[in-house]
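Form predicted on its own, single chain, as structure tokens, below.
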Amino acid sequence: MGSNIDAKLFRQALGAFTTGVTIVTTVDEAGNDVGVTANSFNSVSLDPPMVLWSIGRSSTNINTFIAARHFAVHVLASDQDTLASQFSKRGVDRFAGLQLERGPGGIPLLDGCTARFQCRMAFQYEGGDHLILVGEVLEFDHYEREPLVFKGGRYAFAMPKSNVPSAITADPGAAPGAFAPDFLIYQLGRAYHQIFMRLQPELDRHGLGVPEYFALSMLGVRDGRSLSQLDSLVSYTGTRINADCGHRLATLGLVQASAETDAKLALTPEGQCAVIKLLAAAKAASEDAENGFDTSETHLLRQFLNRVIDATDPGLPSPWSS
């Protein structure tokens, strides 16, 4: 049966449909573990419980699955994209470093999934360039984890759509061209300052200003940096770390400063303790700001912020570089 459909365009159109991501596992006749990544998974029947998936005829593992009596389908969680990629590679031990359980017939079972179905092979059907495999579900597990999804050739997060309107709405009487509530600089700036305000009581307890806080934070990442290095690391904030800042930290007993003009600062035991307390307060403020977020929303927020940082980075040094 011939077709005039462009295969590339057809694949792109199919990519508009968002699917979950699974890893299907079994064992071959020699008892070796076999697994593949697949997104062609679906339910068939509730009574009896049955599911299906398909494997490409070009797959090197197709004969193993044709002969298999049992297989397991693992619906991957949002943080398992690396595992999905691992089971898509050729010429590697896909199970390397994984802790496995065993199901019927000795099939390998993976941990950390959203759901897991242990199946007996029931039927096999022709499906063009794929073979459709139907399994009867013998056992299953379901966990409260956000699923990994696949759309347009890329892994993604599934995020529930909120019906709650934003608490900040535009004033209908605002002048034309005025800043709107969704102006990115306003959103990022307000979010930052509101979160940072939660740290102020901890800074006051230690007698610290903003420059001293930034200096201690950077020394907590890597100790023994000079004043000029610290200043360079926080220059994007508009805050300056200079000799006065170093002197205040030394007077508080939080650092020891070398005698050079560009003094190197080393945390004292009191300074290390202060860094831990400040870090705990900062993490508490961050977690409070994310209260009500699910895992996928948190991942998505960080991913978007990193993209904004990468897109606007003028070449600033990284605090984590040596």
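Residue indices: 1-based, along the sequence shown. All values reported here derive from a predicted model rather than from experimental measurement.
One more form of this protein, predicted together with a small molecule, exists but is not displayed; see below.
Of the listed positions (200, 232, 242, 88), a single one reaches within 4.5 angstroms of the small molecule by any non-hydrogen atom in the predicted complex, namely 88. None of 275, 267, 36, 51 but one reaches within 4.5 angstroms of the small molecule in the predicted complex through a heavy atom, and that residue is 36.
You can rule out all but one of 280 to 288, 51 to 59, 249 to 257, 25 to 33: in the predicted complex, only 51 to 59 has residues with a heavy atom within 4.5 Å of the small molecule. At the 4.5 Å threshold, heavy atoms of residue 40 reach the small molecule in the predicted complex. Contact annotation for residue 150: at least one heavy atom lies within 4.5 Å of the small molecule in the predicted complex.
Proximity of residue 196 to the small molecule in the predicted complex falls outside the 4.5 Å heavy atom cutoff. The small molecule is not drawn, but in the predicted complex it has a heavy atom within 4.5 Å of residue 130.
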